[in-house]
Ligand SMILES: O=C(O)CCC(=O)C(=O)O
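Coming up is one lone chain in structure tokens, specifically the form predicted alone.
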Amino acid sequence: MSTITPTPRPLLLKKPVKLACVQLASGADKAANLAHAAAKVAEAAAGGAKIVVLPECFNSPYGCEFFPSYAEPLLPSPPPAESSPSFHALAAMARDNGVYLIGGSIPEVAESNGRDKKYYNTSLTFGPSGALLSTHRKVHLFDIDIPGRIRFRESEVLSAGSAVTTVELGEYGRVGVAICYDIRFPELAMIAARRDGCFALVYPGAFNTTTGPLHWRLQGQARAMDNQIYVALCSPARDTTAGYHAWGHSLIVDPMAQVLVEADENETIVSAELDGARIEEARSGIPLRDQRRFDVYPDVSQ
């Protein structure tokens, strides 16, 4: 009896790549924050990273009271350098270091009908040429109230984005990009992974010292386990003198939901080598992609 050899599937990650998460400490001075980020991106690139990730709100303090004063217009693109220094700083970081740069997030201001202003929490991804590749506006706003622990309502200032964001990183393949609270909604990740064939999900985020120890690592592992791809979470470093205390602990998780590397709360760079063969090994060994029962439940990626 002859045996049928399964046809090899193309690798989602076309060739191995080093990804780095830059866990930054940012203060009130935007220009200083941008210069500091540029130095750290250069350091990550010098260490061999070809994909570099910055944290949520890396150019400003994190907080509803700061969003309007630090916000920059991003449309029409490219915006003027004098009104949008963060856009141009990120483009230069990517170009000067020849990397794909997932630029954390920055506060964005957009005018509606030339009058009303809306604010967004927005992530920009640039290619090695310095060209803008993708824009993600945070879809799920961080509105929580844990009595006696933390209350935070981004919706008091921010508007929500309305799209799943995936971006083609040239010779490597496609990644999904979302921001912080977006990670708690697995549908977003499933669409990016299954519909768009991403090899990684990347979340700039700023969990706090209440939610961080509870769910930060768990959410990263859960999204990796659900989708059998890499997941990277990039946090600001913790500043106990600030009004909002970030958890830190930037991490990278492999397709079997194992944490490859994790920071502490201090400023640092963590990195890992990603390999497309690891994705295929996970999916062949535990074949979720062939065992889903869309006759029983809907396929959210359709």
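Residue indices: 1-based, along the sequence shown. Computed from a predicted structure; not experimentally measured.
Keep in mind that the form predicted in complex with this ligand is not shown, yet the notes after this line are about it.
Colleague: Run the contact test on 56, 206 and 211 with a 4.5 Å heavy atom cut-off to this ligand in the predicted bound form and return yes or no.
Modeller: Result yes, every residue of the spot touches this ligand.
Colleague: If you check 194, 184, 118, 153 against this ligand in the predicted bound form, which one has a heavy atom within 4.5 Å?
Modeller: Answer to the contact question: 184.
Colleague: Scan 202, 94, 180, 71 and let me know which has any heavy atom within 4.5 Å of this ligand in the predicted bound form.
Modeller: Of 202, 94, 180, 71, the residue with a heavy atom within 4.5 Å of this ligand in the predicted bound form is 180.
Colleague: Give a yes or no for residue 142: in the predicted bound form, does one of its heavy atoms lie within 4.5 Å of a heavy atom belonging to this ligand?
Modeller: Judged by the heavy-atom cut-off of 4.5 Å, residue 142 is in contact with this ligand in the predicted bound form.
Colleague: Residue-level question: is residue 223 within 4.5 Å of this ligand in the predicted bound form, judged on heavy atoms?
Modeller: Outside the cut-off, so no.
Colleague: Applying a 4.5 Å heavy atom distance criterion, does residue 136 contact this ligand in the predicted bound form?
Modeller: No, no contact at 4.5 Å.
Colleague: Thinking of this ligand in the predicted bound form, which stretch from 40-48, 249-257, 56-64, 273-281 has heavy atoms inside 4.5 Å of it?
Modeller: Heavy-atom contact with the partner occurs in 56-64.
Colleague: May I ask you to list the residues of 235-257 that have any heavy atom within 4.5 angstroms of this ligand in the predicted bound form, in sequence order?
Modeller: Only a single residue, 244, comes within 4.5 Å of the partner.
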